[in-house]
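Okay, so here's just one chain, in structure tokens, the form predicted alone.
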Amino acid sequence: MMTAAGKDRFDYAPRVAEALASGGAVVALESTIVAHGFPPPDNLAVGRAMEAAVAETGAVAATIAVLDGRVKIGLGESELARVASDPSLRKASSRDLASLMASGGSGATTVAATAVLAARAGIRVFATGGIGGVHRGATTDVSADLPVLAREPVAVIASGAKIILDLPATLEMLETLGVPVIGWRTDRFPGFYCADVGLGLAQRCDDERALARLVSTHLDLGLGGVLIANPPPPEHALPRDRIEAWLGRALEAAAREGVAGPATTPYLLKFLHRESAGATVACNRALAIDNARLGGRLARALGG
């Protein structure tokens, strides 16, 4: 449980504070997708579009970041522009939050950090692009997103996990951690750009009310979070075999050039963008906005 001192480090945008106080529907959005997910000026446009997609449903968007040691639950226009334009803004996972807050630092929050802060702020729905997971060829290189999902009482809407990961191992790890993975109008696990990566799902929901009942029951039981797998919009989804072919070439190039560690993911994503002539970025944008819209609908169905 967060202490009073911890709560004093949180700044709520007026619209978010009002919605939370009145039991309104609020959707958390991460800021890393704006700071690091797209090149400028597309990144700011995507951030605005995701917030607008939430607003279209009647819910309130709360993009989350840490700025000058303060946790921002909902960003003003100038703050969102800062996140999009400041190259020094670091990518902050859950392990980095205390350091940033104690030192007065600034960071764009990842899935893990956003889920933690959303839960502390009393927000139950969080929409993003895709989650992290188990890296290919590694048994111990696992994203902090997975244990955080298991622990924090938040429903995370994403287009599965990024296809550059070991998706069977990621889905198995989610099962081990007790995280329900619910397909939104699908019984197949999406792989970010791909609607189906050959992995089935045990649970599926086809309407907001059924989804809200399932999510609220899980959260009320204190069982941690829920992952809602929403495939990319059909008009933007890419064929799995084509992505796998591009990814195979990307992995070979990364090995030749000695790319490793944290540099691997951005390298692979840039390679895919180049190989696809921009189709992967267009898909990323479309699915992020679609997930934000679904987040608003779920938040409304949950009753706030």
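Heads up: residue numbers just count along the shown sequence, starting at 1. Not measured: the values here are computed from a predicted model. In this text, rigid core is short for the largest set of C-alphas that superpose within 1.5 Å between two forms.
FYI, the form predicted together with pseudouridine-5'-monophosphate (PSU) isn't displayed, but the following is about it.
Contact with pseudouridine-5'-monophosphate (PSU) in the predicted complex, judged as any non-hydrogen atom within 4.5 angstroms, is confined among 234-242, 32-40, 247-255, 66-74 to 32-40. Contact check for residue 225: no non-hydrogen atom falls within 4.5 Å of pseudouridine-5'-monophosphate (PSU) in the predicted complex. Using a 4.5 Å cutoff between non-hydrogen atoms, residue 82 does not count as a contact of pseudouridine-5'-monophosphate (PSU) in the predicted complex.
pseudouridine-5'-monophosphate (PSU) is not drawn, but in the predicted complex it has no heavy atom within 4.5 Å of residue 189. Remark: residue 278 does not count among the residues lining pseudouridine-5'-monophosphate (PSU) in the predicted complex, judged by a heavy atom distance of 4.5 Å or less. Only one of 90, 135, 151, 124 lies close to pseudouridine-5'-monophosphate (PSU) in the predicted complex, with a heavy atom inside 4.5 Å, and it is 135. For the options 167, 111, 215, 118, the residue carrying a heavy atom within 4.5 angstroms of pseudouridine-5'-monophosphate (PSU) in the predicted complex is 111. Shown without its partner, the chain has 262, 265, 269 in segment 261-281 as residues with a non-hydrogen atom within 4.5 angstroms of pseudouridine-5'-monophosphate (PSU) in the predicted complex. Residue 237 shows a C-alpha shift below 2 Å between the shown form and the other one [criterion: core-superposed Cα displacement of 2 Å].
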